[in-house]
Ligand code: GRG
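As structure tokens, one chain now follows by itself in the form predicted on its own.
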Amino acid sequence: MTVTDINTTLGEYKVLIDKALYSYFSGKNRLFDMMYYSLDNGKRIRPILVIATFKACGGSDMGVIMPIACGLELIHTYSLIHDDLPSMDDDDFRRGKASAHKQYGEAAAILSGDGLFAYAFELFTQGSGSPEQKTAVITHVSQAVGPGGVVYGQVLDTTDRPVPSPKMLRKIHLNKTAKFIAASVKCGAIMGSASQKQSDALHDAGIYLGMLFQYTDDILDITGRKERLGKTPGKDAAAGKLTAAGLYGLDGARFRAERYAQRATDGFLACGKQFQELVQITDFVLKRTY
């Protein structure tokens, strides 16, 4: 599969996900409209990973996986809303438009983020998957995004101001980003009825993919353009945050990003040739410009 092919494939996945997301929010009330405002125009990496893994594991019924995929995107968007708040990263620009707190005010932004987080777990209970699968998804997602994952990573990143070190950088990246990316892969494996051994191996490869994703995010904070990124570049450096580029320099960060990409690729390929699409997504993440 060429780069052009994977871009086409990602675009096709995005169309399906965007259509499903719209169906969950249209025709309700003002709160749902505010929630959807922040949800609109995302890259959809996490739901794409869920669907791609589900299909590679033999799943075919989109009614099984789409509520899970959309729920993960809701959680990701909630985290972005809260991340942009004045008390956090204080960013006025997200997904190519005004951040939620600039568009609706800080209180409404917080509440719309809360609504997205709660609504995600409602979506996890929907669809035609088995109760056991849905329970496993809820367990793994909760562990990845709560105080043992994303929230803890954000605490380290925004309030503790740790002394710069490779160990601390890995700790922040692992919790803030990698665990959620890996959970997205694992949820696809669970809903695709993969074996425990295969599901665990895919999760491990997903950790490397998540670390890669945060490395490229750190690099793009320096090299990216606002119009392309859909958010304000240079914020991490200005805030004095611990980042890969800040710790290792751009060349060092790029070298380590390539190493994480190779580890993710090796992990996915070890699970079987049917996971080639995940390898292509890994390459896309490594080379992404937004």
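All residue numbers are counted from 1 along the displayed sequence. This one's a predicted model, so the numbers in the text were calculated from it and none came from an experiment.
There is another form of this protein, the form predicted in complex with the ligand, and it is not shown here; the text below is about that form.
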Using heavy atoms and a 4.5 Å limit, would one call residue 42 a contact residue for the ligand in the predicted complex?
yes
Please run the contact check for residue 154 against the ligand in the predicted complex: heavy atoms, 4.5 angstroms, yes or no?
yes
Give a yes or no for residue 83: in the predicted complex, does one of its heavy atoms lie within 4.5 Å of a heavy atom belonging to the ligand?
yes
At 4.5 Å between heavy atoms, is residue 78 in contact with the ligand in the predicted complex?
yes
Could you spot which one of 169, 182, 211, 150 gets a heavy atom to within 4.5 Å of the ligand in the predicted complex?
150
The unique member of 174, 111, 138, 88 whose heavy atoms fall within 4.5 Å of the ligand in the predicted complex
88
Answer yes or no: in the predicted complex, does the ligand come within 4.5 Å of a heavy atom in every one of 46, 145 and 231?
yes
Tell me the stretch among 88 to 96, 125 to 133, 197 to 205, 182 to 190 that has any heavy atom within 4.5 angstroms of the ligand in the predicted complex.
88 to 96
Residues of 105 to 120 having any heavy atom within 4.5 Å of the ligand in the predicted complex, listed in sequence order
117
